[in-house]
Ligand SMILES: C[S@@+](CC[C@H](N)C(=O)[O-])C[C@H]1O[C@@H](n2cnc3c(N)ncnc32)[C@H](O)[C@@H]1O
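We begin with a single chain expressed as structure tokens, specifically the form predicted alone.
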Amino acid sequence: MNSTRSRSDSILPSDDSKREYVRNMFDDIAFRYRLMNSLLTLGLDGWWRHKTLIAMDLKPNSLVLDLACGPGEFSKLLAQQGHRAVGIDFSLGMLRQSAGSSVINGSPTKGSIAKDSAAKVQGDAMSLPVATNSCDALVCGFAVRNFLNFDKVLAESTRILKPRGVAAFLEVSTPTNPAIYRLHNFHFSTVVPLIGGILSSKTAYRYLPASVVYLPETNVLIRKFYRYGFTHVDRRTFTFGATQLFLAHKRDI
């Protein structure tokens, strides 16, 4: 971990600049982000999202917050399944790539999100423009390592969820099998920056693999969920450990 961090220090922004760095970076790569995700994961990103929604076991017509929604892949899947999805992202560029959706720019007051499944809102995950105890579920794809303060994100997540509401955080992971790890590491640290740099942004696709150093250890992450009001925290992995899913329910209060 230390050697990885030292190799990544020149790529990663300082804590003070990370917030604006991440927003500007995603604005810059928004145009091809969906295409790059599919290309660099060999199409597996869609399967991971599908498995996530199956694991969430949502009730019909659930109101689901798609946190750090990007161009809206989770929102699209949720709408196809008959749920009401509201996407929130820090990057206005990403929100504009979400087809068929209205974008609310700025900082809406808490509780201002209507029951409009097409709504996409520019907002900060550490201060969500959503009423307390209003959402049945929350889903977040590949954003944990990009948040400035994940503790604040978890605190906001439990605030906006109804009691017993489910939260699902899908993220990258590191395979434990040595052979799979070597293949995964080569792809993630060499292939992703190379192809991403050619087709999109060299800087962004150096940052994205390097940003795994922001992820706390698994046991630390699980303790955080319990600390901020979740229970029954479950971790699952997909594709030989290349991705991980943290599934948790808000305490019944």
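Quick note: we count residues from 1 along the sequence shown, nothing fancier. Because the structure is a prediction, the values reported are computed rather than measured.
Another form, the form predicted in complex with the ligand, is not on view; read the next lines as being about it.
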Tell me, yes or no, whether residue 134 is in contact with the ligand in the predicted bound form, where a contact means a heavy atom of each within 4.5 Å. no
Is residue 91 close to the ligand in the predicted bound form, meaning a heavy atom pair under 4.5 Å apart or at it? yes
Can you tell me if residue 64 lies within 4.5 angstroms of the ligand in the predicted bound form, counting non-hydrogen atoms only? no
Just to confirm, residue 124 within 4.5 Å of the ligand in the predicted bound form by heavy atoms? yes
With the ligand left out here, work out from 53 to 61, 214 to 222, 32 to 40, 184 to 192 which stretch has heavy atoms within 4.5 Å of it in the predicted bound form. 32 to 40
Quick check: do 49, 142 and 146 each get a heavy atom within 4.5 Å of the ligand in the predicted bound form? yes
Are there residues in 174 to 201 with a heavy atom within 4.5 Å of the ligand in the predicted bound form, and which are they, in order? none
